[in-house]
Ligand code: BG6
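Just one chain follows, in the form predicted alone, and it is written as structure tokens.
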């Protein structure tokens, strides 16, 4: 049960409450935080959406979506904190009712005027809702939004991705947010940063003397970051084929560059959120912005055609409902990034992501350089580079690959793997990323959330590629079959430097 001493209460206001994300991720995450005593007892959830529900109707909808996930008695207690307001938050005239309901719930649950707004809506609705929050005067940090009684309070906002579709739209959204909220009240969420093994990267690097001295251009040959999915676009064809869709925008620009920043950052002066974000921002500002004539050498676009994944047939992307039959949208993207710092000068970072691929995995692979002099050249003709593999999902863990001698007479070498399996070691499953991030947002910890400078620099680094692709349609799309590891051009990009993707 919740711990009353955990922190002050708050009202979690979810815009887009009738949507899939709320049912699949947000409410289950809040329930499991509650179940594990990680939320204050005086907390309330207020869903806002245009769909007509009563409080009981919405509670039933949420419970019915995944009933096996909830203990009956605990759900009975938790659901009394769940409420619903049928309103269109993009309309200014709806905010009288929304604000009145917020005030009523604040008094009913003794929440102290604290509010966490969550934008779980399509990106075109972000700015209207943010502007209406400002006009309704519910952001009044330091006093309650519904009565001036000297109560100290806070109001914060969580913004889902996509955060813009190019540098200009991202900057505009940042300006809109800044007109209503201070930067320390803005939580730009990236659920990849909530994943346990991404956070474990900080411990791996900065709590172990055996790794950090090797984490630089002197010893590291290159780094690969992969997020491959076996699923296709499914029913999201019309969204994915929109100007905001595609693997480069959807995954590389957001999730994978965030992972890169954690891999490449310098040691922060402390584990405070501001100090960690300062070092991440330095990485983003050091990303080299490619020139147009470099794009064809460092970036590859792919699109899947018909095939099979795990034996199940998959229709080609262009045959999916809502997709232009001549679409140029990338369902696979691979790009080489350079981080122009003293530590990483000359070390390429290869990022790739794709749908309908050969296996589902998210991993970081650090490839080390060969020894300066190979004493065992004749014995190790097929030797692979030393590697550290951080499996973010599935099979969460960290693996080290190096050479060892096979027992017996003679000197025969073979690769050896040392394996830290997260579940086996700790006898627990990693927490859901949304639970971690919601908990931090309620606590006011911005460590795992993006700063506006990170957003802008990430867009600056990929926009030349997007512009080049827009101006140079490919006539070979689709160029990989569903169930494979992407287009041959992605392999050629690596092979030009004598490197290979880690597949399988």
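Just so you know, these numbers come straight off a predicted model, no measurement behind them. Positions refer to the first chain, counted from 1.
One more form of this protein, predicted in complex with the named molecule, exists but is not displayed; see below.
> Looking at 101 to 109, 352 to 360, 75 to 83, 318 to 326, which lies within 4.5 angstroms of the named molecule in the predicted complex, counting heavy atoms?
Result of the contact check: 352 to 360.
> Note which of 255, 399, 282, 156 lies within 4.5 Å of the named molecule in the predicted complex, where distance is taken over heavy atoms; exactly one does.
Contact with the named molecule in the predicted complex is made by 255 alone.
> Ok, 188, 222, 191, 144: which has a heavy atom sitting within 4.5 Å of the named molecule in the predicted complex?
Residue within 4.5 Å of the partner: 191.
> Given that the partner is absent here, does residue 393 sit within 4.5 Å of the named molecule in the predicted complex, heavy atoms only?
Output for residue 393 is yes: heavy atoms within 4.5 Å of the named molecule.
> Can you tell me whether residue 301 touches the named molecule? I mean in the predicted complex, with a 4.5 angstroms heavy atom cut-off.
No.
> Heavy atom to heavy atom, is residue 414 within 4.5 Å of the named molecule in the predicted complex?
Judged by the heavy-atom cut-off of 4.5 Å, residue 414 is well away from the named molecule in the predicted complex.
> Test of understanding: in the predicted complex, would residue 236 fall inside 4.5 Å of the named molecule by heavy atoms?
Answer yes; at least one heavy atom of residue 236 falls within 4.5 Å of the named molecule in the predicted complex.
> With the named molecule taken in the predicted complex, which residues across 223 to 252 come within 4.5 angstroms through any non-hydrogen atom?
229, 236, 250, 251, in sequence order.
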